[in-house]
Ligand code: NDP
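One chain comes next, on its own, written out as structure tokens in the form predicted alone.
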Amino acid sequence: RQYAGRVVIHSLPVPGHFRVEEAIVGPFLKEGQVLVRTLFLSVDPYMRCRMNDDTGAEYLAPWGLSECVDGGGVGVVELSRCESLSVDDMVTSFNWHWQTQCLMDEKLLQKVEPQLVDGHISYFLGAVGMPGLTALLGVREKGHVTEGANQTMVVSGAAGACGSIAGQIGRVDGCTRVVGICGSDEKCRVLVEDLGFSAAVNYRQGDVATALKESCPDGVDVYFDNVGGPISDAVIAQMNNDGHVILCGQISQYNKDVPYPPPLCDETQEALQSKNITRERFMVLNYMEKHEAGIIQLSQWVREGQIKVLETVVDGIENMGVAFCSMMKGGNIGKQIIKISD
């Protein structure tokens, strides 16, 4: 079974933009191919950009009309005609088709070791996968966190797959205060009580700027930006001189007809310039040489309990569209995962 997508431009995605089809995989493997059974699939905010004719990123192709959708996935090899992968190997890919079984070229697959995640295979799509690497390398490469410097970090989209990890890394790396911005009181509670954030702000309740002033009495030094828009304007207005914005995502703008990164208002541009705040686009794929070491570090933190992992799991490939659209509206806490098979 596979999921096919339909291109939609500048509007809110709904489950009806996808459909499930029955298809025959195979029947024969070519040299260098494997047959994999899908265990878990991922839905992520960047996928909304792939529903446009122009994704806004050279490295990211749009999904084709009525073609099988792809993204992050993890599964097990069932048949192999390549030397590097054997039957029962666990593998992951950034180009995994939304199918219950897939024929894949070995060059698209990376072997993973279940012991790195104590058998939690889905973690390779979240905390010990691309979102975790994005959080780690974003903080390390663009955040300039210095232990003992009494820094305050703010994370927007803080209860999502990337934000929930980024805030914890900021704490581990030495930020004195880590404040998360999210969309419900329950998410705020989870950030503070379960993940160790210093405070959390529900942007749907009250004035964000006022709440930030209360939560960040010494201003903001590092901002991990997942959402953009008015929330980011409010954070940047309270940033200290020589601060750093980690421009990771702009999910609040993905349904609009704007370029990426979206343009900033004049007041925010002035704040960046007058305070000498760096704001550079961050793309984790630009740091491929650091991915292996990053995965090892993330897995160590997870196994030791220094970083806690949150997941929202939905069962069944028929619910891929539902899970994607829910994630785009903030319906998940932690990483949104779809379980396809055991």
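Just so you know, these numbers come straight off a predicted model, no measurement behind them. Numbers for residues come from their place in the sequence shown, where the first is 1.
Here the subject shifts to the form predicted together with the named molecule, a form of this protein not shown in this document.
Exercise. Gly160 near the named molecule in the predicted complex, any heavy atom under 4.5 Å?
Worked result: Looking in the predicted complex, residue contacts with the named molecule include Gly160, since a heavy atom lies within 4.5 Å.
Exercise. Applying a 4.5 Å heavy atom distance criterion, does Asp44 contact the named molecule in the predicted complex?
Worked result: Answer yes; at least one heavy atom of Asp44 falls within 4.5 Å of the named molecule in the predicted complex.
Exercise. Do Val227 and the named molecule come within 4.5 Å of each other in the predicted complex, heavy atoms counted?
Worked result: Residue-level check for Val227: yes, a contact with the named molecule.
For this session: Answer yes if any heavy atom of Ile317 is within 4.5 Å of a heavy atom of the named molecule in the predicted complex; otherwise answer no.
Result: Heavy-atom contact with the named molecule at 4.5 Å: absent for Ile317.
For this session: Report the stretch among 294-302, 30-38, 50-58, 279-287 that approaches the named molecule in the predicted complex to within 4.5 Å, counting heavy atoms only.
Result: That would be stretch 279-287.
Exercise. Would you say all of Lys187, Tyr203 and Ile251 touch the named molecule in the predicted complex, counting a heavy atom within 4.5 Å as a touch?
Worked result: Yes, the whole trio is in contact, each within 4.5 Å by some heavy atom.
For this session: Name the residue from Thr92, Gln99, Thr134, Gln151 that puts a heavy atom within 4.5 Å of the named molecule in the predicted complex.
Result: Of Thr92, Gln99, Thr134, Gln151, the residue with a heavy atom within 4.5 Å of the named molecule in the predicted complex is Thr134.
Exercise. Which of these residues, Cys182, Val179, Cys175, Val235, gets a heavy atom within 4.5 Å of the named molecule in the predicted complex?
Worked result: Selected residue: Cys182.
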